[in-house]
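One chain follows as structure tokens, the form predicted alone.
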């Protein structure tokens, strides 16, 4: 089991003249599930993008470590699995083609055995060669989870993870989330009570606005 630590030091984000959040100091450690909560527009997705290296801070510092060694910025994406509403899938590709394409983009090996396992877990295996344009929104959401988990990342961040999923889909996501958190770091950004109920600790983004106690 690897030890993964994500540290935030006085992290602040401002868009134009609008403060999103300020002076977040927190340490996320592997073996736990953390929640990012707050009303719509509070900055959950913004913080998610910052945690995964997709967006920079206005001020403050973020540090990713594995086994006490700082991860180089250019290698960070090898350690991260990300599910979000703004993750783009290619409707003109099949599921298999999407997964092969994303592996090539990441520069990671396409593991057919793990692909088959995850396709079966999410009940998509029999439709793996169909183009995504015929998939429902819930089926596409399942593909995002497969993509996020395919390269066995140490840090998983799920932004609105159960959107468009039926009850069976949610149960599978919760099952796999708890399993992944046994060895890895998992962060969930959501307003759904059932999503946040999985978390060992929940951070409310509204607590990091100007004039609120930190």
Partner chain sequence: MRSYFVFRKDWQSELRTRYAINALAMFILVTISVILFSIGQENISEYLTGGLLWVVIFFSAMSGLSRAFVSEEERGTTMTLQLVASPTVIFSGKLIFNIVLVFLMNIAITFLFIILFDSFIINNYSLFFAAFVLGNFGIAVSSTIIAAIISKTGSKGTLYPVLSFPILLPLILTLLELTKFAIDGELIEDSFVEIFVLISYDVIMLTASYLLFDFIWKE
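Positions refer to the first chain, counted from 1. All values reported here derive from a predicted model rather than from experimental measurement.
Keep in mind the form predicted together with its partner chain is missing from the figure; the text below concerns it.
This chain is displayed without its partner chain, yet in the predicted complex the stretch 51 to 59 from 51 to 59, 174 to 182, 36 to 44, 160 to 168 comes within 4.5 Å of it by heavy atoms. Within 4.5 Å of its partner chain in the predicted complex, a heavy atom is found for every one of 93, 102 and 147. The partner is absent here; in the predicted complex, the one residue of 126, 74, 109, 113 having a heavy atom within 4.5 Å of its partner chain is 74. Among residues of the shown chain, residue 82 is one whose heavy atoms approach its partner chain to within 4.5 Å in the predicted complex.
At the 4.5 Å threshold, heavy atoms of residue 121 stay clear of its partner chain in the predicted complex, well away from it. When contacts are judged by a 4.5 Å heavy atom cut-off, residue 139 does not count as touching its partner chain in the predicted complex.
Using a 4.5 angstroms limit between non-hydrogen atoms, residue 86 touches its partner chain in the predicted complex.
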